[in-house]
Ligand SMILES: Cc1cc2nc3c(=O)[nH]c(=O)nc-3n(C[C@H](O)[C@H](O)[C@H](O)COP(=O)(O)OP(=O)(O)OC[C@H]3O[C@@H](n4cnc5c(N)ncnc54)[C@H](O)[C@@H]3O)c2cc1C
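Only one chain is included here, represented as structure tokens and corresponding to the form predicted alone.
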């Protein structure tokens, strides 16, 4: 049963969900405060809460725990997203416009205690493409106790998100720039008078707002995680991630399409500071150079384009992907709380959104 559905949010989750709902035959409107545009023109402070432009935007396989199964759902979503990215990248009509690049991903883990999910990793069972455990002679230093490589993808974020938005509009989707205070607000708006669109009032709203609207959506488990990274002009042929023994990280994510390379990064819960630290920048660059000196230019240095500070909406307990019937009729499908994994799980989450919406509509049809 085709419906008019409103998606709140034009980040990677909202855009992916909106396109997937279109594929399922629905008429879709996106309402958002921020929309994709050239990253070079975005004000870093003004758009600090619009997470998608600042994301690393790549796929890093996170295997499920061998006994608890933690991350199993997310791993399945990552596989779904990998397949969709491959299709978009391989389709001649879209390949040059997507901002997607496929390349090697390299992982280094320091010891002495290694996570159980890596020690017991079964690459075939987990469908990890071109997976190979590295020999110790390939490690950057003696602190690394385990390493691997695999096939993965990364995207230039705003090239990719602009592509998704363009595809959505080309297929008949409508967009409205508006800031909302709650998902429930949508049900009180007149599409024609308040939104300027010709469409019936929606009975389904997808909450892909990123921040989940906090307490207004009945969810008090949300918090922000501040991340500082550095965008450099240096290029890399692989994504590289190193997990340090102290819990810290160092990584690079190529953006390609002359988008530079992201060097990171920090994870600082509940830190609202919008200003980058020059000292942190120097630490990030120095640490990554020691791990992956191949990225350095002929003079042995970096060409810094800009410092980046982003606020990743994070949720205690992880992703919220569930439906909620609202008083007076209507249905809100929540899809937020992915922390730093928005891009790599995006099409898997979108698939879950469509399933949840279709189940609601099927039940409502039976009731009527």
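Residue numbers count along the first chain shown, from 1. Just so you know, these numbers come straight off a predicted model, no measurement behind them.
Absent from the display: the form predicted together with the named molecule. The rest refers to it.
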property: Site check 10, 210 and 342: each within 4.5 Å of the named molecule in the predicted complex by heavy atom; result: yes
property: Distance check, residue 109 to the named molecule in the predicted complex, heavy atom within 4.5 Å; result: no
property: Distance check, residue 58 to the named molecule in the predicted complex, heavy atom within 4.5 Å; result: yes
property: Residue 180, heavy atom within 4.5 angstroms of the named molecule in the predicted complex; result: yes
property: 4.5 Å heavy atom contact, residue 32 and the named molecule in the predicted complex; result: yes
property: Interface segment, criterion being heavy atoms within 4.5 Å of the named molecule in the predicted complex, picked from 64-72, 322-330, 33-41, 299-307; result: 33-41
property: Listed residue that, although the named molecule is not shown, lies within 4.5 Å of it in the predicted complex (heavy atoms), from 173, 260, 99, 227; result: 227
property: Residues in 307-335 close to the named molecule in the predicted complex, defined by a heavy atom within 4.5 Å, in order; result: 310, 311, 312, 313
